[in-house]
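Presented below, as structure tokens, is a lone chain in the form predicted on its own.
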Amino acid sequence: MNNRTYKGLRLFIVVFLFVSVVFPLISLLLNIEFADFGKVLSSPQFSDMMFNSIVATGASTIISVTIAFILAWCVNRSNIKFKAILAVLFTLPMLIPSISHGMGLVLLLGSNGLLTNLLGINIELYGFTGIILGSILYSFPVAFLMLTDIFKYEDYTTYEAAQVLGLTKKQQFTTITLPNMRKTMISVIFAVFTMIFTDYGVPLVVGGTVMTLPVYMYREVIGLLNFSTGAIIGLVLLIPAFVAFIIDLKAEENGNTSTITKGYIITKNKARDVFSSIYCIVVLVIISLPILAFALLSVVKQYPIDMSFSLENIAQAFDLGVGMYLQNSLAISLVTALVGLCTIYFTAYINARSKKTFTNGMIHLISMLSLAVPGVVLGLCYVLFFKGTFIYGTLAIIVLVNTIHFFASPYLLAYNSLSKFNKNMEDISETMGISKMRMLLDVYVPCTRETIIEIFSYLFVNAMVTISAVSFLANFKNMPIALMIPQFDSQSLIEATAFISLLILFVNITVKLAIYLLKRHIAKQEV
């Protein structure tokens, strides 16, 4: 492959990003009837929904980040056993759709929930209580991953100096640990806030009479085909996401460039280790309960009337099309992972290994822009822009919206990996007559195999669990299996809903295990 091929692919990336990101966002603005602005924003209903969304999101974010921070501290600053396994288990909630967390709470704590009947306690799940609990389950693994990553990069020499100066552990925590994590904590808070604020899965199931903005937008567009009102709500939902986007860009520009002189040394402390063990076990039990509930309800005849073992609900689920929709999801996830991987990796290569030009800067900005567009808003943008085109109503548009929805994070992963290579490699290869495409295929791809595998895994798993970006675009033929959960829930088929959640979890765990084995195989080859 020569440089002409490289330039052709570069042009394709520019066109692709404009068609799949910029133009759909413009179409959102063009479809707003400005007369509706005053009606929507000044209505008492909007004020109530905004209040509900902010209160539920704010409370969920504070609790979620606090739980994740303590959890990350326990895993990284204690001598508890099985840390690696625990770190993986804490991310299990990420492997099922957000709406499944709402369903799990209903199965456990609803009026006829397993724990409600067992303990005889009704917590009045529907409303703010359910939204907050479900949002915490849905969001804390993301916060945990972001926080545990920064714990790994603390320099222990600072703590040694503090010990010499006579600072206690508490003083070290408040004067070293917390200031070191300030920037990351701000990013985590905004990331979690945005996730919860724009999610409609949890409040759709357990919100009850408490209406949030994403649920209202979903019902206006899906139920009433009111695109103008949906677009206005979509703009409101963009606000926290856009703020988070700006913070991420600023954090990238002003990132900490310090290096680790000495890894953190964990001293002996029995009380700390006991607390950490108990805390981790409690969190693990709580996040496992919905999964256990899914497993139980999948194999009982009719909850709570007849708890005898039966596979009738699984058979009924397949009769209702679960097999076909599972095939849809597997096809969508696999194609999204492959197409997204190639597109994202090449886009990152263009920006990481080329000179800083206006075009490259524009590609980088648009690539990052998907961070600021919630899935539910992106889905509406695609309806407005692609309706009537040849890909509308096909699996292709689902693949496209998923690729863009999850573009930014793997793009940054690839961009950072490719940026670590020597800056002079392109000049040397050009002098030797080696084309850019040959450098990409023969040098960069083999050296970043683990990054490529991680991108594939990230795209596949997220395409399996997402409901936000695809909810407006799916129909009877191209619907992914995750969207059967709200459909079955509306028909009170809770046993079949539990089975679907379990099925999605099983697929994602299988993929994660395969990725783990592949990475181990690669590591052995390198040794």
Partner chain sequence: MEILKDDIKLSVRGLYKKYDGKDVLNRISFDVKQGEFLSVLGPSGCGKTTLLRILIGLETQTDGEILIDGKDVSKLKPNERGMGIIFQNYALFPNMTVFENVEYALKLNKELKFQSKAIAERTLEQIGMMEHKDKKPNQLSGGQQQRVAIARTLALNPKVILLDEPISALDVTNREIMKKELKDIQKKFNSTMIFITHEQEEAFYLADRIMVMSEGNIEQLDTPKNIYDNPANKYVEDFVLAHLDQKLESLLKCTGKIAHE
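Residue numbers count along the first chain shown, from 1. Bear in mind the structure is a predicted one, so any value in this text is a computation, not a measurement.
Keep in mind that the form predicted together with its partner chain is missing from the display, and what follows is about it.
Proximity to its partner chain in the predicted bound form, defined as a heavy atom within 4.5 Å, singles out one entry of L167, L369, I434, I176, which is I434. The contact residue chosen from E450, E312, E160, E430 relative to its partner chain in the predicted bound form is E430, the criterion being a non-hydrogen atom within 4.5 angstroms. Contact with its partner chain in the predicted bound form, judged as any non-hydrogen atom within 4.5 angstroms, is confined among 179-187, 82-90, 440-448, 322-330 to 440-448. Proximity of V300 to its partner chain in the predicted bound form: non-hydrogen atoms within 4.5 Å are absent; the residue sits far from the partner.
Its partner chain in the predicted bound form comes within 4.5 Å of a heavy atom belonging to K423.
In the predicted bound form, its partner chain lies within 4.5 angstroms of a heavy atom of only one residue of 350-382, namely K355.
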